[in-house]
Structure formats: structure tokens, C-alpha cells
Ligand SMILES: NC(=O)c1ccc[n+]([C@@H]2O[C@H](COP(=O)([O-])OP(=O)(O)OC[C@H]3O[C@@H](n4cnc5c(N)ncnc54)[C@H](OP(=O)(O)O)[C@@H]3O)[C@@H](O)[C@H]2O)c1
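Taking the form predicted on its own, here's one chain by itself in C-alpha cells.
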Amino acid sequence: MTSPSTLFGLDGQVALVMGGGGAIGSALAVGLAGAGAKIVVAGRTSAALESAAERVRATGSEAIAIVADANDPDSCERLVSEAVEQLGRIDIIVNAVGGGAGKVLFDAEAYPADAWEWIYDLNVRSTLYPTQAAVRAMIRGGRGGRVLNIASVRALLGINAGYSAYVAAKGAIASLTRQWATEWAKHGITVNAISPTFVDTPQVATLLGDPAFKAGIVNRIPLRRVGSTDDLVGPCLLFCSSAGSFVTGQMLMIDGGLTATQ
């Protein structure tokens, strides 16, 4: 029987974490490093990336920070080339760029095109371009690989609060996860998604800072709390390690039971 440490171990592997300077991305980077992976944290803000890389190094794992634009295909190709040049390979990509749900809320019949495009860029194109570049490297390497996307419970559930662009974008991530899993299985690459409900991060601090809004969320969650970044680490390790080698095209709801009640 394979030991749990072997099943979930990532020794010798390299993980690229897009949005690695953010609250969720940096938590996942540290979690992957704790399982033995070398980490590439990538994003737009150098200071945040360096801070995340230092947190990874504190675990004893190697980490590099590379500034890149997830919405620019050329920037993503350069990122992957630099990562492979410095660390030799890419085995895992975690797409932790996204969000924006509470920043552009409009009635569906009046949703402005510029806000829609911003949400789509932030959540869909920012997943598409880095993944294409990373998977090309995985295919060239011939060792298989892991792709982990971050969707949302809103990929499945509507909400009467002006979220039409966000719901559509996360629905697109769910569909891409299934499509990529189908196409890339022949290369030994699995593609899965984790789909959280609200996670307590600075990005949603304003929303969760409204007592009435937070109470409305918490009261719909059977476990009676919002998520934390730590809640995402275990599922990430499942999908990115040998423990999830026969799991692909799946979305795991990390929601305290929210979708079970809908």
C-alpha cells in the first residue's frame, strides 16, 4: 500500500502558481512547497511575489518570483520559458488569478460591456493564457502534469445581486476544466477545479465587513462560517499529487455544505 506521504508528496516537482502574490495564491504556494515542490510565484506585483517567495523559502523549498501578465500570451510564454530555464521543468500550474465579484455589480439587463470584459479578462483569459503556455511545456517534457483552476460555487448557483458577469466567467472556467481534461488526458495531464464559496481574503474584506451581508452568507452555509485560505490547501494537494492521479475534469465544492442545500 502506498503511504500517504508518498501519495501527497511532490518532491522533485515544480509548481507554477499564477497570482502567487495574492492571499489564496500564496497560501497554495506554501502548501505545495510543504509537500516538497519547488515553486514559481507569478503575477504583476513584484513586492507581493517576493513576499510570497520568502514564505515558501521558509518551508525549506526553493522558490522564484517572476513578474508576468496573465492576460498577455507573450508574457505567459516568457514566464514559462524562464521558469523552465531556472528550475528545469513545470509539472503543476495553479491558476489563482481571478475574483472581482463584488466590485462591478449591475442588474443583468444593464450590465455594461466594459465591466463584463474586465471580469472576463480577470477570470477567464488570465486562466487560458498561462495554462496554454504551461501545458505546452508539460507536453514537451513528456512527464504528464497537473492543472488546477479556481472556479466558484457561482459556476453552478445564481445569486440575486448583480453577479451575471462573474457567474458567466466562473461557468466558463468549469467548462474549460472539463474540456481541457478531455483533450489533455492523452498527455497524462489532469485538469480539475476547486470551487469555493466566500473565502476570507482582503479582496472581499469590504463585502464581508458588512454585517448584514456576512450574516446572509453564513446563514446559508451549513458549517456556519466563510472559508479560509487554509481550507483550500488540502484539496489543492489532492488534485496536484499522485493522490489525484485518476481524477480529472472534476469540480470540488469547498463551500461548507452550501451547494448541498440548494
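Numbers for residues come from their place in the sequence shown, where the first is 1. Just so we're clear, the structure is a prediction, and the values are computed from it rather than from any experiment.
The protein also exists as the form predicted together with this ligand; that form is not presented, and the subsequent description refers to it.
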(request) Can you work out whether this ligand is within 4.5 angstroms of a heavy atom in all three of Gly19, Ile24 and Arg44 in the predicted bound form? (result) yes
(request) Tell me, please, which stretch of 156 to 164, 84 to 92, 70 to 78, 136 to 144 lies within 4.5 angstroms of this ligand in the predicted bound form when heavy atoms are compared? (result) 70 to 78
(request) With heavy atoms only and a cut-off of 4.5 Å, decide whether Ala174 touches this ligand in the predicted bound form. (result) no
(request) Indicate whether Gly102 is a 4.5 Å heavy atom neighbour of this ligand in the predicted bound form. (result) no
(request) Please check if Ser61 has a heavy atom lying within 4.5 Å of any heavy atom of this ligand in the predicted bound form. (result) no
(message) Since only the chain is shown here, I'm wondering whether Ala169 would be in contact with this ligand in the predicted bound form (any heavy atom pair within 4.5 Å).
(response) no
(request) Within 4.5 Å of this ligand in the predicted bound form, which residues of 149 to 163 have a heavy atom? Give them in sequence order, or say none. (result) Ile150, Ala151, Ser152
